[in-house]
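For reference, the chain that follows is the form predicted on its own, supplied as structure tokens.
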Amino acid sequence: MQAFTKLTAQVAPLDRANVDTDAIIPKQFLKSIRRAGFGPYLFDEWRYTDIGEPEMDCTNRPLQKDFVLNNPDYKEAKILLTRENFGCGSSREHAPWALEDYGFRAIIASSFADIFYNNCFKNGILPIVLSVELIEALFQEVSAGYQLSIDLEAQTITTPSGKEIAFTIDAARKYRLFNGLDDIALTLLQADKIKEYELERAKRAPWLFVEAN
């Protein structure tokens, strides 16, 4: 998993509340568990006028002209600004996979669905919770080329005018994301202790370790 330390990037404003995971990545794409390749289908029903299918080439698909990610001005965005209850609905991990594969490294909202929020940290995305008032202020400022600077260690967001906004984050989640540790990598930090346990267990219960003929 890619670590998150500092990021200065363009912001895409998705001015919608209660964006559910079926909107983030529609159900027909859940057949794949490869974790990669979902970016072209992110917000599929909002980005395109036709119906997307797995493995479909999106190069020449007809676009919804008024959707923010189809605006060339936001083509390089890596920060998504949105409203409350982002990521609600089902618990599909494909949603953060699609956001990360598209290129988003941070999402700023006034609230997130719990499971989606947790899945973001497991997949290298920083979800930041700010007050409704601060979210509204950012929406009033954002325009083409608007960038924010995010410092995870300092837990701050800096606007183009130099205004610094502090955000809170759970220490354990911060550690994992800052160091690029997904569930497997976090477990492997204890590899020596795991090996010691297995050796001791083999002494206490050797019959469990006898290979079948």
Partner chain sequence: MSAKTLYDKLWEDHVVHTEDDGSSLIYIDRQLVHEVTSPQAFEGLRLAGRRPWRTERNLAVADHNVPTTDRRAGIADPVARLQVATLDKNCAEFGITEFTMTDVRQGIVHVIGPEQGATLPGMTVVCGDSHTSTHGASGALAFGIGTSEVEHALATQCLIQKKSKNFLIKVNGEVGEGITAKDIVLAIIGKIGTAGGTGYAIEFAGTAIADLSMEGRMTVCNMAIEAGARAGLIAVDETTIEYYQDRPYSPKGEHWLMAVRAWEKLHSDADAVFDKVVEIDAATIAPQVTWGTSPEMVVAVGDKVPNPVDEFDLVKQQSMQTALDYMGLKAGQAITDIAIDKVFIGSCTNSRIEDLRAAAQVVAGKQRAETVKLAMVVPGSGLVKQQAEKEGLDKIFIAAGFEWREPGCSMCLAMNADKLEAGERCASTSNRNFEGRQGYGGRTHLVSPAMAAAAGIAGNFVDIREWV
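If you superpose the two forms and keep the largest set of C-alpha atoms that fall within 1.5 Å, you have the rigid core. Worth saying up front: this structure is predicted, and the values here are computed from it rather than measured. Numbering follows the first chain given and starts at 1.
Another form, the form predicted in complex with the partner chain, is not on view; read the next lines as being about it.
*Asks:* Heavy atoms within 4.5 Å of the partner chain in the model of the complex: which of the stretches 65-73, 159-167, 144-152, 26-34 has them?
*Replies:* Residues of 26-34 come within 4.5 Å of the partner.
*Asks:* Please check if residue 115 has a heavy atom lying within 4.5 Å of any heavy atom of the partner chain in the model of the complex.
*Replies:* Residue 115: yes, in contact with the partner chain in the model of the complex.
*Asks:* Whether residue 82 contacts the partner chain in the model of the complex should be assessed with a 4.5 Å heavy atom distance threshold; does it?
*Replies:* Judged by the heavy-atom cut-off of 4.5 Å, residue 82 is well away from the partner chain in the model of the complex.
*Asks:* Although the partner chain is absent from this view, report whether residue 93 comes within 4.5 Å of it in the model of the complex, heavy atoms only.
*Replies:* Contact check for residue 93: yes, within 4.5 Å of the partner chain in the model of the complex.
*Asks:* With a cut-off of 4.5 Å between heavy atoms, is residue 178 one of the residues that contacts the partner chain in the model of the complex?
*Replies:* Residue 178: no contact with the partner chain in the model of the complex.
*Asks:* Using a 4.5 Å cut-off on any heavy atom, which residues of 1-22 would contact the partner chain in the model of the complex?
*Replies:* Result: 15, 16, 17, 18, 20, 22.
*Asks:* Quick check: residue 182 between this form and the one not shown - does its CA shift reach 2 Å or more after fitting the rigid core?
*Replies:* Residue 182: C-alpha displaced by 2 Å or more between this form and the one not shown.
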